[in-house]
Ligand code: ASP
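Only one chain is given next, in C-alpha cells, and it is the form predicted on its own.
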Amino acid sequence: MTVSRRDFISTAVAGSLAVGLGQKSEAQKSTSSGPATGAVGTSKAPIIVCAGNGYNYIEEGYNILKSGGDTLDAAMRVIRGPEDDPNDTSVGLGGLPNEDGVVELDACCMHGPTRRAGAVGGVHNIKNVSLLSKAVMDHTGHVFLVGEGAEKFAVAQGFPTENLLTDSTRKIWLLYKETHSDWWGPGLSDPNWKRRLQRGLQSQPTKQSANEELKLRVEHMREVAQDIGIPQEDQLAAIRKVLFPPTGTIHCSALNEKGEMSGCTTTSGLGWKIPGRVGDSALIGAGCYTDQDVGSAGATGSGEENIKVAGAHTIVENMRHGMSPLDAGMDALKRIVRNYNGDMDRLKFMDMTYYILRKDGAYAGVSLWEGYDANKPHKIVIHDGQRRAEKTVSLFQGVSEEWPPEFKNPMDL
C-alpha cells in the first residue's frame, strides 16, 4: 500500500501535532475544474499587486505611487519588507539556508519606463538583493551578476555585509542536519547513539506502520530540537520545515497614473537546496517580466517548473496577443500541466502562483492548486486605494502535496 507523505502525517499525529504540522484536505477530488471566482478585476491606476507576504508593506508602496513616485521604487518598498523581517523565512534576513547552512538569495527587477532590467543570483551576506538587482540595472552595463561577483559588486556599491542566518534559522538547520544527515548527530561512541536508530524507516510501510514510524520520528526530532534549544512552542513548526522543505518568494508589480509599470521578485529559494541552485526568481522572463506596452507578471512556487515555461514572459506575451490576465495566467499553468502530460500523480507534488497586472489596471491571481494547505489558500494582495487580499483562481481543486514524498512503493516507480 502506498502511503502519501501528507496522509502519513495527518493520520499519525493528533491534537497539537496535527495543528503544528498542518493537514491536507483531499487534494485530488477534482482535477479538472474550470476557473472559479477569485482574484480577478479591473481597477483605476495607481494600483499595486503582490504576493501574500507583502500585505503588511503594500500600503507604503502604494503611497509612493500615489505621491507620484517611481513604479520600481514603489514595488521595491513592498518586497524590502519581508527581506528585512528576520521572522520571514522565505526571503532576505532569516531566510532558510541551503544544505550547507548558508542563506543564498536571488532577485530580479524590470523598469518599464526605461525598459531596463537587473538581476542577481546565488548571493551570500547581502540582505536586500532586490535593491542589489536594481543597482546592477542602474550602475552597470550588465543585466545579471551571480555569486561572489555579485557580492563584491554589492560591497563596492556600499551594501553592508551581514550574516543572514538568524539564531532561529540556524537551529532549524541544525535540526535538519542532525535528523537527516548521515554524519551529524550522535556517533557510535556517544552514550545516546541508539537515538539514531529511530531515524530508520521501513522501505515498504503499511499505513499503520507508517503512522508508528512517524510518531517515533517526530518524538526523536522533538528531543533533538529540545537539545538544540528550539523553544517548545516553535518545535512543531521547525519540524515541519525540516520534513517538508518550503519554498518562499515575494513578487510585486506596480502601475502608476501615467501608465508606467515595473516589477520585481526576490527570494531565499527552496529550503535545504543544493548550494548554487538558482530558481526562477532571478530569471527575467520566469520569476518576473514587465513590458511597458502590455503589463507585468511574477511568480511564486515551484521554481524549476516555472523556468521551463518562462511563466512571467508567457503571461505578458499572452496579454499582448489579446488574452485577459486570467486567461493568460491559466494558459501558463496549463503549459506546466502539458509538460507532464496531465499526469496528476506528479502534478500533485508541485504548485505555482502567478500575480498579473495589465497596463489598463486589469489584474488576476491564478494558481495551480487552491493552496499548500486547506486552511491557507493562495492569495494575491491588491492596493488601488483599498488594501485587500483575494484568493487566487485555481486550475485544480484541492491542495498540493509536499515533495519529496516520505514513503514510496517501489512497485509504483
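Note that residue numbering follows the sequence shown and begins at 1. None of the values given here were measured: they were computed from a predicted structure.
If you look for the form predicted in complex with aspartic acid (ASP), you will not find it shown, but the lines that follow are about it.
A.B. asks: Among 158 to 166, 334 to 342, 142 to 150, 297 to 305, which stretch has residues with heavy atoms no more than 4.5 Å from aspartic acid (ASP) in the model of the complex?
C.D. replies: In the other structure, the partner sits against 297 to 305.
A.B. asks: Exactly one of 71, 133, 290, 267 has a non-hydrogen atom within 4.5 Å of aspartic acid (ASP) in the model of the complex; which residue is it?
C.D. replies: In short, 267.
A.B. asks: Please pick, from 118, 97, 92, 279, the one residue with any non-hydrogen atom lying within 4.5 angstroms of aspartic acid (ASP) in the model of the complex.
C.D. replies: Of the listed residues, the single hit is 279.
A.B. asks: Is residue 128 a contact residue for aspartic acid (ASP) in the model of the complex, using a 4.5 Å heavy atom cut-off?
C.D. replies: Close contact is absent here: in the model of the complex, residue 128 is far from aspartic acid (ASP), nothing within 4.5 Å, heavy atoms only.
A.B. asks: How about residue 262 - does it come within 4.5 Å of aspartic acid (ASP) in the model of the complex, if we only consider non-hydrogen atoms?
C.D. replies: Close contact is absent here: in the model of the complex, residue 262 is far from aspartic acid (ASP), nothing within 4.5 Å, heavy atoms only.
A.B. asks: Just checking whether residue 247 would be counted as a contact of aspartic acid (ASP) in the model of the complex - the rule being heavy atoms within 4.5 angstroms.
C.D. replies: Yes, residue 247 sits close enough to aspartic acid (ASP) in the model of the complex that at least one of its heavy atoms falls within 4.5 Å.
A.B. asks: With the partner left out here, which residues of 215 to 239 have a non-hydrogen atom within 4.5 Å of aspartic acid (ASP) in the model of the complex?
C.D. replies: Contacts from 215 to 239: none.
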